[in-house]
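Only one chain is shown below, in structure tokens, and it's the form predicted alone.
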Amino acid sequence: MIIHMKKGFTPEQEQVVLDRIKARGFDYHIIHGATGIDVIGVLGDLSSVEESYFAEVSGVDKVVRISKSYKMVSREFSPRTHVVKIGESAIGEEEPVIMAGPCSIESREQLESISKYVHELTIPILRGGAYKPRTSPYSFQGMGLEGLKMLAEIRDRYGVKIVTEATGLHRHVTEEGKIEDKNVLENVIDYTDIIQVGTRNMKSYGFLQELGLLTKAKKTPILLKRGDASTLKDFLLAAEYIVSNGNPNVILCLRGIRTFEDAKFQRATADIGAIAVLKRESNLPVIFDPSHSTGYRDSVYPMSMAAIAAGADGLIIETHNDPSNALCDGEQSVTKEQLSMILEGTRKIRKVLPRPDYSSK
């Protein structure tokens, strides 16, 4: 439910509304409008509450019931796209933001080589996996805390921001056979600028709640990837878990979905059409991952162009200095030259096709 205050309302009138919300055991979120009019979002199961309960309060202009199950991330709750700022970059504004880097940090030399050309191409955000949850227990799992420290060093050296994936509590067996609990999420929060939630964790609702609460104070941006077999409603409700627990800075990331398609041709089915749906339904920025959506580097360029043309707010791309010998996702990692082509192409497309405006729809 959304409560619109009248122009010229007094703090005392607004407090009466807030007191009524709290008296019924609900939570609320206040949006301070640019025209001096506050909008109050009431959170909870309001099925038994009539609009008149709030509408009769002096100073209230109108009360609107939100029909969506995802409340705070819907356009009904806030028609304007929420812009997520990371340093000099603003995800959700007209200019698409590019993030690029290796799927996984393999060594100091590898990370330095890739970071150098990412910086030379003026890409503002470096991606790199320190912790890599993998389907196979025998696959390379990442360098962990050592990898996070390397990313922090690169950030200091080149002035880029970093995005890396976080998982929850891990149990580690020491050489002495003892079990130690390691909270990977807390390590990532300490070192990164953007926390990535991978497709495997999109439905880990306890993890999403913890993530929202732990980042509530600093509002650290969260890049939330769609699960490969999740509906868009599932996806938006996962974002709602984070936002409703105190962190509004969520970036939706599409990375392809699982269909009947043969993996010999493409790793996943690119969900380009979902960009327009999410932009219409949600007030969160949307970026696209052409690397995981295709699985092959030759497909990354055309899918990147299609995503930008469809209105994506940015791209997250895997790149490697030696793709043939990469420990993780080498087939879908583009070279420096291919990455440069993608950058040039995104700029050209956005000039020809301005991003659609969904704020008034």
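The structure presented is a predicted model; accordingly, all values stated were derived computationally and were not measured. Numbering starts at 1 and runs along the sequence shown.
As for the form predicted in complex with ligand PEP, it is not shown, yet the points below apply to it.
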Have a look at 110, 249, 215, 196 for me and say which one sits with a heavy atom within 4.5 Å of ligand PEP in the predicted bound form.
196
Ok, 116, 161, 80, 200: which has a heavy atom sitting within 4.5 Å of ligand PEP in the predicted bound form?
200
Is residue 71 close enough to ligand PEP in the predicted bound form to count, meaning some heavy atom within 4.5 Å?
no
Any of the heavy atoms of residue 292 lying within 4.5 Å of ligand PEP in the predicted bound form?
yes
Using a 4.5 angstroms cut-off on non-hydrogen atoms, would residue 279 count as touching ligand PEP in the predicted bound form?
no
Is residue 313 close enough to touch ligand PEP in the predicted bound form, meaning at least one heavy atom pair within 4.5 Å?
no
I need the one stretch from 124-132, 237-245, 148-156, 89-97 whose residues put non-hydrogen atoms within 4.5 angstroms of ligand PEP in the predicted bound form.
124-132
Using a 4.5 Å cut-off on any heavy atom, which residues of 96-119 would contact ligand PEP in the predicted bound form?
103
